[in-house]
Every structure is written in C-alpha cells, then in structure tokens.
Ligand SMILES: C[S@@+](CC[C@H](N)C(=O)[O-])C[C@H]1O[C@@H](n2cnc3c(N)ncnc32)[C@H](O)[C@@H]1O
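Just the one chain here, laid out as structure tokens, in the form predicted on its own.
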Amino acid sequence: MEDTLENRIKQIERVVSTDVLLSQTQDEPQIKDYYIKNRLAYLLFHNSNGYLHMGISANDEYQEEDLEVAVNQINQEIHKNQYADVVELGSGRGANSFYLANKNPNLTIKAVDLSTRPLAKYTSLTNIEFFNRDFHNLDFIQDESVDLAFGIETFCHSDNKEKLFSEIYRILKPEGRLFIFDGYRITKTNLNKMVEKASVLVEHGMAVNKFEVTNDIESKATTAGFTLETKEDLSMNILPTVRRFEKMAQRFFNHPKLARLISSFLSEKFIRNSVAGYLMVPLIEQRVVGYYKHVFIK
C-alpha cells in the first residue's frame, strides 16, 4: 500500500502542491467554501439529484439507488416508530430531507446546514423547513421536541462534538434516536509517514480536520447521555462509490500537463476533492480509514 500511495502522491504533486492542503485548518469558512465551490462538481461527477454522500452498495457494482440506502433505513425507523418530528444535521442540497418528507406527508422536518442551500426542486413541500445555520447551536428547536435526528457524512466536519451531542440530546424526546453515517480513522497510532500523509490529504481534501476513531465518537455520545444501540461497519459497502471517484481522479492525474492546464481554470476546492478521491481506496482497503453507521438512543 505504501508504494501505491507514494506513487499517487507523486502524481498529484506534478499537478498541485500538497503543502498548503496539508497545513491548512478546515475551519468554518473553508467548509462553506468547499461545498459552494464543489456544487457543480457534485452534480456533474457524482449525481444530478443533489446527494452529497457515498452510496451504500450491496455488491461490487455501484447503482445510483445506493445513494438512498442510508436515508431509506432512516425512513424505515420513522415508519416503525410512527415518528412525527425529524431534524437533519447538515442537509446539503436537501435531497435526504425531501426523500423523507415526500414519503411521509405527516412528518415535520427541520433541515439544518451551515453552507449549502437546497436545490429549488426540494423546496416545494410544506413539511420541510430549511435553516441556514450552524448545527452546533439548535436554540431554535425546543427541548425534547424531536423524535429522530440524523447526519449523513456531516458529523466529520464538527470539531466540537461534545457541544453537538449535547444539543442533540437536549432536543430529542426520551427514547428518541440519533442516526450517523460517517467516515472514521480505524486507528490513530502507528501509521508510517506516507500513510499518515495520505490520510491527512484525504481528510483535508474533504474539508475535514481529522476523522475521529469510532471509539472516540462513541465515548463522546455516551458522555452526553446516549446509549449505543447499533454499530455497523459499512467500509466495504462504500467502495463501489469511492472507486468511481478514483477512476475519474486517475484520468485527471495521469495527464499532468493537461491537468495543470485544467487546474488553472478550476477551483482549488475541486482539485482537492480529486486528491481525496485518488487516495481513498487503498486507505479503505487496508483498514486505515472506514465508514460506519451508528444509532444512538436517548
């Protein structure tokens, strides 16, 4: 794996310098800028429906419906418990909240996102309310008024999960649930320099300061009062999606002269997204980083 990563990083550095990306702090302005600048890239190279996350595939072949597996599991929980009030933490273009609101006309959804406005086609339903706000401060939501909260690849952007879990715990009703689908480090120790460098490039390439280890986020959730109900390793299930990104990034970095020319016209945030796509597969395959589903109950 080290040879693969070293070769890929050398290819990347023929196109862009990695020094800035390695040293940059992924603060609120960086996160906002990342999603604003990559809006068109996600629509063109990922999907046209506004989903900003990985698909969860049942086999080795990616299907676009894999992008709705996570939100469909949340929908099943809503039906099972006849939930009425839901909050999405990091709602992006609005696709997940629209999916749930469309299937559940009696459901009320508050969709919260710091940086990204919903697509126009997702603003037509009256049972979704979109809030352009920081999800660490949910003071506009009453105590114990929410049945279920969820975040799909959004908690990784939080550098204050203690505050985040505390706010979610406050707004959830007793026995309310929190669903998280997200990326993590499998281990935080004993990585050689090349693997650590690649890991940081992936994290910063996705506007994340550092993926937490799963045990750490579980500890922070339980400290806030939650009980872990479900933990599922989905690392291999996202590989078909990630391999799509890898192929597109490989075509880009395999032609450095053309890539440098293209880079002069594209956003730096688009280039860093390609860096993450090119390095992620070997890190997942070798269990350096992973992807998990957690369900916590209050």
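Start at 1 and count along the sequence shown; that's the residue number. Predicted, not measured: the structure shown is a model, and the values here were computed from it.
From this point on, the text means the form predicted in complex with the ligand, which you will not see here.
Undergrad: Tell me which stretch of 74-82, 210-218, 224-232, 145-153 has a heavy atom within 4.5 angstroms of the ligand in the predicted complex.
TA: Looking at the partner contacts, the answer comes out as 145-153.
Undergrad: Work out which of V242, I271, L52, I56 lies within 4.5 Å of the ligand in the predicted complex, going by heavy atoms.
TA: Residue within 4.5 Å of the partner: L52.
Undergrad: Within a 4.5 Å heavy atom cut-off, is M194 in contact with the ligand in the predicted complex?
TA: Looking in the predicted complex, residue contacts with the ligand do not include M194, since no heavy atom lies within 4.5 Å.
Undergrad: Do E167 and the ligand come within 4.5 Å of each other in the predicted complex, heavy atoms counted?
TA: E167 lies outside the contact set for the ligand.
Undergrad: So, in the predicted complex, is H157 in contact with the ligand at a 4.5 angstroms heavy atom limit?
TA: H157 belongs to the contact set for the ligand.
Undergrad: Heavy atoms within 4.5 Å of the ligand in the predicted complex: does F135 have any?
TA: So F135 counts as contacting the ligand.
Undergrad: Mind listing which residues of 77-92 have a heavy atom within 4.5 Å of the ligand in the predicted complex?
TA: If the 4.5 Å heavy-atom criterion is applied to the ligand in the predicted complex, 77-92 yields E88, G90, S91, G92.
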